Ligand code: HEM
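Take a look at this single chain in structure tokens; it is the form predicted alone.
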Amino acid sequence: MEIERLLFENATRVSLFVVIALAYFLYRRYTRISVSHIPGPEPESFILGNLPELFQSQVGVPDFKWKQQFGDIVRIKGPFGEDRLFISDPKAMQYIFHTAGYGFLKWPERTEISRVLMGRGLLWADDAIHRRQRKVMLPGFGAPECKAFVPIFLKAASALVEQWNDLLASSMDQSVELNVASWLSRATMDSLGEAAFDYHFGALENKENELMKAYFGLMSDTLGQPSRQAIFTQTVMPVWYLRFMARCSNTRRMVHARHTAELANDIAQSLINMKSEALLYGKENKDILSLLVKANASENPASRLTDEEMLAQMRTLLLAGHETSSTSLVWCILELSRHPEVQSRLREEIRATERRLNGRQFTASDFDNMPYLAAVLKESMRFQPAVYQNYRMAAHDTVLPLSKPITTTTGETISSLPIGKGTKLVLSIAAYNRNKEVFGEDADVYNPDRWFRNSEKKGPTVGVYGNLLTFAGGVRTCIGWRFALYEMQSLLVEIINNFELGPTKELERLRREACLVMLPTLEGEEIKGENLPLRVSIAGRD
């Protein structure tokens, strides 16, 4: 009888909890500001709404479809009929990224993904914590500091060129098919290691390195092609449950993520100890970690990064710092392989600049004075955005300004949109980058010449480079955007100066894998990770 009584009491408590939780959910849903009158696609199901199409599609597929059907403000459905907004409107984007500052926070479930992959660092943090972390890290990413890293970037680029030349020398027809994505990932890891940590990973030399093996393929393995069950768990279950699963789950994805985190923490801790000891003895280096350790030591104790945060910043640099640069460059090189006239014109500018250098090495100033190089990079990041979406949630009731009026499902025309606290937003960088009013009527075409048009600037300012959102904007502008830009310029100049790149038949199976960043994979071989097979040959000289 005692057991039956206890079972009845526990069942009663659980039922009461469920009733209270359901009542609170219904209260919040029907009392906050509604966006249900905004046009949008029909949900695939009541349980998951439009989320399977959003998260399981290749990059850009739902973005372009919904933009074409419904415009720049779209209502989509989350779990159990929850209304969310899919946004590519320039004025609304400017308000969210710039004007409102920390008025839009990250989705809690997305921050948990950041924590698992990179720790409680800059990409995880929000509001006051983000502001404090960013202040300590800024000294390592100023313009002079990033320009000083160019010789390191060129060194890694030269090592890549040397390896490709060796492969070509042993080829019968002086050309070879290479997985360019893998090579660029290794090159950016090496340049990042030396510039950020004064540490040689040896990725291009294929040195046995367990950390490198763990990092290569991490994004595609842990985030690519989520199942419906994974989408349900990630979007419906509370954060405490997600943290529990991150610690205890034995799925391949979680085991890979935990193993990589352990390896990264170990090497980051040893590097931090080494830099701290050097600072103690007055030995200072100019790598980012040394500058960060010095800046952190001089901070007010209340503003300093904790030991956990220091490790997280290193893991953030290792993953986000190398993955976004290499991926952006991969898609740029793909477009150059598809547009040989653009590739040839860029090579002409590179070699014309090289002749003026009289044998000295390229510098950041040289890159800054190469307009076609800038146009190619901007156009490639616009047309093939490595970072294709951002996810935000309104921290309080607010009103979104709109670039142009929209018509609701009730027939009302509105020029601004009230949204309630807690409303989740998907900010589509991919769709914004195809906005014809901002980038011209040919926005759906790859054309670097658009950056030389003399027409007046259109649309509000949203991004720090070419008015693109590749590096986000406002208080969340990517702290390393200059670092990434000079790294990409260095690699691109060396590659195009020395080689011609062309497409292969394998590109017919190319996929744009959605893994927080847009990774190239091949249909049927997704499990192998990023893959961009291109034909590489020597670029002849007159």
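From 1 onward, residues are counted along the sequence shown. This one's a predicted model, so the numbers in the text were calculated from it and none came from an experiment.
If you look for the form predicted together with protoporphyrin IX containing FE, you will not find it shown, but the lines that follow are about it.
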property: Interface membership of R134, protoporphyrin IX containing FE in the model of the complex, 4.5 Å heavy atom rule; result: yes
property: is_contact(A484, protoporphyrin IX containing FE) in the model of the complex, heavy atom dist at most 4.5 Å; result: yes
property: 4.5 angstroms heavy atom contact with protoporphyrin IX containing FE in the model of the complex for G60; result: no
property: Distance check, I33 to protoporphyrin IX containing FE in the model of the complex, heavy atom within 4.5 Å; result: no
property: Stretch in contact in the model of the complex with protoporphyrin IX containing FE, which is absent here, among 69-77, 388-396, 269-277, 336-344 (heavy atoms within 4.5 Å); result: 388-396
property: F383, N497 and R535 all contacting protoporphyrin IX containing FE in the model of the complex, non-hydrogen atom within 4.5 Å; result: no
property: Option touching protoporphyrin IX containing FE, based on a heavy atom within 4.5 Å in the model of the complex, out of T504, S45, Q56, T477; result: T477
property: Heavy atom within 4.5 Å of protoporphyrin IX containing FE in the model of the complex - the one residue of N296, S220, T324, S182 that qualifies; result: T324
property: Residues in 164-192 with any heavy atom within 4.5 Å of protoporphyrin IX containing FE in the model of the complex; result: L192
